[in-house]
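A lone chain, given as structure tokens: the form predicted on its own.
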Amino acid sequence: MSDLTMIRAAAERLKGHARVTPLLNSAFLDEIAGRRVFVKVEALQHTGSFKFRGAWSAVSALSEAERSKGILAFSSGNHAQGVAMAARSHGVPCVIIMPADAPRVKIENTRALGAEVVLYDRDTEDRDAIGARLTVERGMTLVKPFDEPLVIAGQGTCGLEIAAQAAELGVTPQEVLVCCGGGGLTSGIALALEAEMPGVTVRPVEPEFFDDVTRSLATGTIQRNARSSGSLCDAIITPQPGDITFPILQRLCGPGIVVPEDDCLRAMALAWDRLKVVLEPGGAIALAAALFHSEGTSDIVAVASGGNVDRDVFVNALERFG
């Protein structure tokens, strides 16, 4: 189980490899939200998302024997790129199982980082089954996207940075809003802030129709999504919360926030206009929640988790809401 000790150890392994991403603020965004909004821009992390943190944390912690067998992962694209880069940096082969409907830029970037990409149909094929088969066939080491303690620990380093940067700015946020798929980033940040920023409430943010974490927290039991595809927020579409992440979310997080796709596109346009930052829909969802779906006047942090967006989706956001 991930804990603060693991997160701090992951932070040590990430030194010199991961970027310390900025915590940005804009008076224009503050005016929209009616409070100060601080944006943790993980879109500026290596490979364009926070996923590099967890990937490096997991791959760097493996023994040489485990790594030498090669690394296997499944991902819609951001975890894929993080694992591919971590594997390449360690000089080991990598296979990534990706949905065929993942954004083209994510598939192309994963291949460019040296990984072999195996595509599957989200609606008719089970990625876990494909992963299990390839693990047996090729003997590779599987690095899960969120339900893995070492990955959670790596994502938790984002929380350590938020606490340190907020302290430097003299900011005491009421809430930290985090995009949430399987819960690796949200649970990691919540574990870090439990120790480093007690009193702050971490809240998961999800797209409409894929609100399994929000419903799971409300009912106290793990809930599944009825659909497996069909959202612009592809980066955070998972069937249900993880068996490891959900108990952490349940213990440490406040209620979830559910955001319509159009608000994600609006947030993308505003991030570009006011921060000059490129975000993907799932990466902008916490900012959308901070701007349009949260109450209160106290300072708030939104984690802008990724920026790997296809050109046509980004242009659409700018044309509609820019």
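A residue's number is simply how far along the shown sequence it sits, counting from 1. Please read these numbers as outputs of a predicted model, since none were measured by experiment.
Omitted here: the form predicted in complex with a further copy of the same chain. The next part is about that form.
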- Applying a 4.5 Å heavy atom distance criterion, does Ala226 contact a further copy of the same chain in the predicted bound form? no
- Query: Does any heavy atom of Ile32 come within 4.5 Å of a heavy atom of a further copy of the same chain in the predicted bound form?
  - Reply: no
- Query: With the cut-off set at 4.5 Å between non-hydrogen atoms, does Pro281 touch a further copy of the same chain in the predicted bound form?
  - Reply: no
- Message: Given that a further copy of the same chain is not shown alongside this chain, does Arg104 nevertheless sit within 4.5 Å of it in the predicted bound form, heavy atom to heavy atom?
- Response: no
- With a further copy of the same chain left out of view, which of Arg266, His46, Arg67, Arg36 would have a heavy atom within 4.5 Å of it in the predicted bound form? His46
- Message: Only one of Thr141, Ser231, Ser216, Asn109 gets a heavy atom within 4.5 Å of a further copy of the same chain in the predicted bound form. Which one?
- Response: Asn109
- Would a further copy of the same chain in the predicted bound form be within 4.5 angstroms of a non-hydrogen atom of every residue among Arg88, Lys276 and Asn308? yes
- Which of these stretches, 37-45, 284-292, 59-67, 249-257, has heavy atoms within 4.5 Å of a further copy of the same chain in the predicted bound form? 37-45
- Heavy atom within 4.5 Å of a further copy of the same chain in the predicted bound form: which residues of 129-164 qualify? none
